[in-house]
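What follows is one chain in structure tokens, specifically the form predicted on its own.
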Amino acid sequence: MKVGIIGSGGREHAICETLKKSNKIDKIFCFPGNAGTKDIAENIDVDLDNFEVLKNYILEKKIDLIVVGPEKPLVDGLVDYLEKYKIKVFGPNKIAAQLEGSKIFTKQICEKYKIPTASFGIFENKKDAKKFLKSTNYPTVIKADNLASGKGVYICNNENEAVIAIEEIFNGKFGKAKNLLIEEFLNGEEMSFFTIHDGITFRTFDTAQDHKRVLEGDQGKNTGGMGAYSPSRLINEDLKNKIINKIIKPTLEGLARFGSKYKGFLYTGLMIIKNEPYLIEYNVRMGDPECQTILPKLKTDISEIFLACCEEELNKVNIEWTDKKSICIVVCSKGYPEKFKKNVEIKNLSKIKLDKDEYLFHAGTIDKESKVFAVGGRVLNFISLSENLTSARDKVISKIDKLNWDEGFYRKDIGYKVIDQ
């Protein structure tokens, strides 16, 4: 079987590596991939906004299955487009992808189906949003309605910070903004809860805790994710049942009213307060870096899972996991999430020798003349599985130290709430 992966990040490299383990896979294509995927797949340099070119290549190469990694092609309707040409695609359609594409769409489903979430207001212009601030309690949360690569969320401690957030969003920092949300600040602990869906059935797909803030101690600006560990320290059977019954099932019911079934990964971002879940956001794909943290624990052939989802037969697949703990630390370009240099060579990658249960997934990298260059903010993902997270983190940090990349930085405290306290 031939499989194509859409995307170029650490998530897509992790999916490639997991697919490679399957004896059912003859060839993997990556559109466009990165310096890491080129060793296990054929990287195809293609404009992901040009659906026709992509479709023609898929048909020409007789690719049996397409897995869409990032959110933008899903929100833009790539699944709907490819399915018109009888191409099997793993990922949600355009309507379902609005769960991530529009935070307001999701909030309206929450309102209608009484899904626990932060109270919120929707604002169409700066004037009304700033006026609302006069009666706001702090801290408060301000969100861009549209896609923002995980960075369009501001936690504001005072009115001045809130005004800056409103200005940046409406001035187009994350693309054209028709609306923004101002939300109640929920004081709890975040958790990422994953499910996988075939349109009829869904299964849980492990949990993780992501560290989004750029600085240690969860300080500083929001990023796409500085690291994660799995499973979440918060998960228990009672909480899992609450998440499924109070949040996921009502959401699927809401989508059905729009005539849409959900197929693909669903990332439910939660705030847990006294063992009660509150929905923060949905992502309509695997998280990044949670995907890199979770997939190495999967024992079941992932190609079987993807195909079962495309054929509405997920109920026939038994998804099995290792009991080991997993941690991922992201090495970023200096300056991220603000300005950073691009096309910086990473020289010591050949010195990194991976032992069993250790992984290195590329994210913002390219290969030029057999050299690897950093071109993104998040560059490399180091992962280790172990019986405990302390050991896993120590192993990851020793590998990053061997890399000794002067132009990068990372957080040494990933998992600190469960390891160090």
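In this text, residue numbers run from 1 along the sequence as written. Computed from a prediction, not measured in an experiment: that's the story for all the values here.
The form predicted together with a small molecule is left out here; the points below concern that form.
### Message
Taking any heavy atom pair closer than or equal to 4.5 Å as contact, tell me whether residue 138 reaches the small molecule in the predicted bound form.
### Response
The answer is no: residue 138 has no heavy atom within 4.5 Å of the small molecule.
### Task
Using the partner position in the predicted bound form, report whether residue 113 sits within 4.5 Å of the small molecule, counting heavy atoms only.
Outside the cut-off, so no.
### Query
Using 4.5 Å between non-hydrogen atoms, is residue 161 touching the small molecule in the predicted bound form?
No - in the predicted bound form, heavy atoms of residue 161 and the small molecule never come within 4.5 Å of each other.
### Task
May I ask you to state whether residue 185 is within 4.5 Å of the small molecule in the predicted bound form, using heavy atom distances?
It does: once the small molecule is placed as it appears in the predicted bound form, residue 185 has a heavy atom within 4.5 Å of it.
### Query
Pick from 76, 124, 301, 190: which has a non-hydrogen atom within 4.5 Å of the small molecule in the predicted bound form?
Among 76, 124, 301, 190, a heavy atom within 4.5 Å of the small molecule in the predicted bound form occurs only for 190.
#### Entry: Selected contact from 349, 118, 95, 200, since only one has a non-hydrogen atom within 4.5 angstroms of the small molecule in the predicted bound form
Only one option qualifies, and that one is 118.
### Query
Is it the case that 88, 263 and 309 all touch the small molecule in the predicted bound form, with a non-hydrogen atom of each within 4.5 angstroms?
No.
### Location of the small molecule contact in the predicted bound form, chosen stretch of 255-263, 319-327, 280-288, 340-348 [non-hydrogen atom, 4.5 Å]
Only one stretch passes the 4.5 Å heavy-atom test: 280-288.
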